[in-house]
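A single chain comes next, written as C-alpha cells; it is the form predicted alone.
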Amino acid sequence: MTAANRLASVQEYYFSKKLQEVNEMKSRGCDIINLGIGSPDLLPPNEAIDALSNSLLDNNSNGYQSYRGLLELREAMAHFYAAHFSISLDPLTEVLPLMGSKEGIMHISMAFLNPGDHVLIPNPGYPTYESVSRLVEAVPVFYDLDETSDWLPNLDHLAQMDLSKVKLMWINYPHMPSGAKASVKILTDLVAFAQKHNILLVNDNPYSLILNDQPLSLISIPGSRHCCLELNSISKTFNMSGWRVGMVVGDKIMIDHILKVKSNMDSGMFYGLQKGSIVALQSNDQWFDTLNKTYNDRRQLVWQLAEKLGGHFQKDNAGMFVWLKLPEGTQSIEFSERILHDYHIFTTPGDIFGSQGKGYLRLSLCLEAARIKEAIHRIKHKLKHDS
C-alpha cells in the first residue's frame, strides 16, 4: 500500500528521530545531558495534581466530554487572559480548549486553508508551521528574521511581495527559538498589515510568562478580533507539557470554524486533565515568581556554558532557551553532533528551524542546575585536556 502523496512533502519530526539516537546512546551506558528539548522538568502545581486525582471518581469523569471543553475550564482560560493580558474574553464563544496548541496549528490550517493558498511562515520558526501547511496542501512562503532586526518581521519588505494568494500568517512572540519579544507597536503594525491584505494573523504564544516581565497578547491590539487568533498553552507556564492542554482565543465566527474541524477529530478532552488545568490556571503570583527564579538561575548557568562553547547571545530575551550564535563559519549541525558525541551533551542545531538558524545553537533551560554545571565541567575539562 503506497502512502498518500502529501507525505512526500514532509519528514519525520527532527526530535522524533534524534531522541531515538540519544536513547540508543543511553542504552549503551552514555550519560547524556539533554539541553535540546524544551520540555519542562519541574512539577506542575501541587493543587493541579490533587484536582486531577480527586476528580477521577466524579460522575461521568470517564465518559466522553464536551468538544468545547468544560465551561469551568473555558472560564478559567478567560480569567487567565484577563489576569495576565487585561483582555476580556467570552468563555462561551471566544475560547476553545485544545489538546495542546500543536493540535491547534493543524485545526486552524484545516479550517482556513485551501490547497494552493499561501502561508507566511517565520524563518527561523517552529517547524510544525511548515509541515502542517504542506500536509493541507498549502504553499509555505518564508519571511526571514535575523538578529539585526531583533528577530522581528520587516513589514515594508513583506508589503512589496505578491500577497494575493496569502491566506494566513504565523507569528510567534516571544519568539522561539531566539526568545525575541514583540512590542505593542510591532503587534499593532502587524494587525494593520493583516487587515490591509485580508490575511488571518495567528500568534503562537506559549512562552508569554516565562522570563518575560511584559507579557503581551495579539488579541489585546485594537482591531485584532476581526483578523487574528492566538494560541496559548499550559505546557510551559505550568510544567504540564505531557498533559496536552492548550487553547485558541479569538472571534466567535473563527472559533466556530475551528470547532467544525476539532469536533470531527476527537471526542473531548479527558475530564481529569481539564479539572487539573482549571486549578493550574488560577495560580497566584507566587507560582510565577518561583518558576521564573528557577529559570533565571538556570539561565545564568547556561550563559556560562554558552560562553565556553564560543560565539555570542542576547541576555534580554524571554522563554526557556538560550539562542547561541556560534563563531563565524561554524556549521551548527556538525557542531551539535560533535558535542553530543565528544561531551555527551545534546543540543539543538539552529538549522532545524530554517535557513536563518544556520550557525546558531539552541540550549534549553529545562534541566536541573546540577546537570548544567556538569555540562560546564565537561566542556572545561575537555578544553583543558585538548590544550
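When you see a residue number, it is the position in the sequence shown, counting from 1. Note that this is a predicted model, so its numbers are computed, not measured.
Although not depicted, the form predicted together with a small molecule is the subject of the following passage.
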For this session: Sort through 98 to 106, 141 to 149, 155 to 163, 85 to 93 and report the only stretch with a non-hydrogen atom within 4.5 Å of the small molecule in the predicted complex.
Result: 98 to 106
Exercise. Are Lys181, Pro215 and Asn317 jointly within 4.5 Å of the small molecule in the predicted complex, each by at least one heavy atom?
Worked result: no
Exercise. Any chance Pro124 has a heavy atom within 4.5 Å of the small molecule in the predicted complex?
Worked result: no
Problem set entry | Proximity of Phe238 to the small molecule in the predicted complex, heavy atoms at 4.5 Å | no
Exercise. Are any of the heavy atoms in Gly276 no more than 4.5 Å from a heavy atom of the small molecule in the predicted complex?
Worked result: no
Exercise. Hey, in the predicted complex, is Tyr207 touching the small molecule, heavy atoms inside 4.5 Å?
Worked result: yes
Seminar exercise, completed: As a check of understanding, the residue in His257, Lys167, Arg134, Arg244 with any heavy atom within 4.5 Å of the small molecule in the predicted complex should be identified as Arg244
Exercise. Only one of Leu201, Leu120, Met176, Leu73 has a non-hydrogen atom within 4.5 angstroms of the small molecule in the predicted complex; which is it?
Worked result: Met176
